[in-house]
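What follows is one chain in structure tokens, specifically the form predicted alone.
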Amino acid sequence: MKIVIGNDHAAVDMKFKIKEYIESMGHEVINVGTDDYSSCDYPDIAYAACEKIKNKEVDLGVLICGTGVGMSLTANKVKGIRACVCSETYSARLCREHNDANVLCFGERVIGIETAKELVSAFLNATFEGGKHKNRVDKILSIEEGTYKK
């Protein structure tokens, strides 16, 4: 798989470690994040990553900031993106299996590197189950399109 990774200045160290970890799993990684500690705006990076997903240049994304919240808020504004902030593996797995999430977000200031690796592994190794979950994801998509009907 091709994975886009993005980060702001609060997550440079973790980004490099997670990029290396994803590559060790056999995936290609496209880095759209910052490589230095100068202050930058996470919306710019989240948007760049999500555009790659939306345009089918990559399969999934991993976004890291201080908490993961800013990245997820921005990512979820991009049509077709379903981003989840996770700090434990159960949610990281289920957001793919049940919600067909295509972006995993977490925070370097919230979790350690080993937990981050576990989240990435759970997220990347999970697949969407479809079935009753497809109907629910379709409803999410209809809200995004402005065509939602209960």
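The structure presented is a predicted model; accordingly, all values stated were derived computationally and were not measured. Start at 1 and count along the sequence shown; that's the residue number.
Below, we turn to the form predicted together with a small molecule, even though it does not appear here.
For the options His133, Lys139, Lys17, His9, the one in contact with the small molecule in the predicted bound form, meaning a heavy atom within 4.5 Å, is His9.
Contact with the small molecule in the predicted bound form, defined as a heavy atom within 4.5 Å, holds for exactly one of Ser91, Thr67, Asn102, Thr34, namely Thr67. The closest non-hydrogen atom of Lys54 lies beyond 4.5 Å of the small molecule in the predicted bound form. Shown alone here, Tyr42 lies within 4.5 Å of the small molecule in the predicted bound form, counting heavy atoms only. Remark: Arg109 counts among the residues lining the small molecule in the predicted bound form, judged by a heavy atom distance of 4.5 Å or less. Screening 115-123, 44-52, 77-85, 58-66 for residues having heavy atoms within 4.5 Å of the small molecule in the predicted bound form returns a single hit, 58-66.
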